[in-house]
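The chain that follows stands alone, in the form predicted alone, written as structure tokens.
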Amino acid sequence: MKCPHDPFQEQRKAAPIQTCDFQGETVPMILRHADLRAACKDWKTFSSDAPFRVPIPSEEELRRVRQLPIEADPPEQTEWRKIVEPFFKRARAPEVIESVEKLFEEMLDLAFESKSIEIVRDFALPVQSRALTYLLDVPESEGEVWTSWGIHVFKDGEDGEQKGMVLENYLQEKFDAAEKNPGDDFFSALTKVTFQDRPLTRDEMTGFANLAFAGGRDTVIHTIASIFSYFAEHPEALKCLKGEPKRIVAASEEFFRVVTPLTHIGRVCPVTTDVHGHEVKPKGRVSMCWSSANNDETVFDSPEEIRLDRKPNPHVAFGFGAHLCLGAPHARLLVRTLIEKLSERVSSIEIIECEEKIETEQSYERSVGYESLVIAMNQH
């Protein structure tokens, strides 16, 4: 049986790549776990120094600045990353962990008060937005503004260019305010920090902030929704996880592996490159197909099965190599806390309505989460 999250199964067994047309460009998708990890480490051949072209589809029409540090290569990428890493490491701080726990308690209380709740926009979206305020060290009220932007800051129900300008204008207002009255928050830090003995340009500040809001947003939201869906179908799993921190950690990693909402990401070849028999012209793109690698049967036993106790679990849902996702500790904190609170407080979940989110491209279709998921929950 073909896993709905793994449309690459047959091709991966037959060949190391699959080609797909994206925006008129034929792109080889690297499918196998070992090949993908090797390519991620070879940043000179498979470069991220390609503004707007790292996401697939590319985003030239959605934003005007390079996202940092993801659209850069070492050694500069390493220096860029150090600028904002302290904020993303806050996910390990006791006060942030406590805030996230209280947030989930509050959101579950609200859900219990209603007969039903739509998880994607009424639970996961505000959780993601409000939790991000703890990382960036800004007032939690800002989360209401960020929630209003929807599931994706560029692609949620409005013209993408217009939505990009909403984010752009918001960021410029925050940087203006931070320059006049600096504090300890994310925006202030970007106005005060230096890179190679010079202040950041306003475009560089914007590039960091753009990624902070666009990256890890819809991916976290769809992962949360998928977890609710799983436990609706497997209520016994919640009982097994209750009071078991180590099992909850293992379960979290398995959800990241199986859901993998970000199917792939792009790299650009600076020169003509042979990618497993496919010639990529200079400045041509290659896809790092995380979702296929996370189902590689030579690495994961019965990858189509969700095994909440899977060990080892060397998934690449957060990427691999120098560009390992900055937000991984934050995503892990959210998912661990969600599972912990569900196992403590929820006896059963009923799905009332659902609409899957299907990513449709020229050579594959893949389920990446939910457009909508209406559920009812019963307390212990």
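The structure presented is a predicted model; accordingly, all values stated were derived computationally and were not measured. When you see a residue number, it is the position in the sequence shown, counting from 1.
Although it is not shown, the form predicted together with a small molecule is what the next lines describe.
At the 4.5 Å threshold, heavy atoms of residue 33 stay clear of the small molecule in the model of the complex, well away from it.
The small molecule is not drawn, but in the model of the complex it has no heavy atom within 4.5 Å of residue 38. Contact check for residue 276: every heavy atom lies farther than 4.5 Å from the small molecule in the model of the complex. Among heavy atoms of residue 28, none comes within 4.5 Å of the small molecule in the model of the complex. In plain terms, the part of the chain that comes close to the small molecule in the model of the complex, with a heavy atom within 4.5 Å, is 261-269 out of 261-269, 98-106, 227-235, 140-148.
Proximity to the small molecule in the model of the complex holds for all of 211, 220 and 330, with the criterion being a heavy atom within 4.5 Å. When you look in the model of the complex, the only residue of 290, 300, 134, 123 with a non-hydrogen atom within 4.5 Å of the small molecule is 290. The partner is absent here; in the model of the complex, the one residue of 307, 81, 247, 152 having a heavy atom within 4.5 Å of the small molecule is 81.
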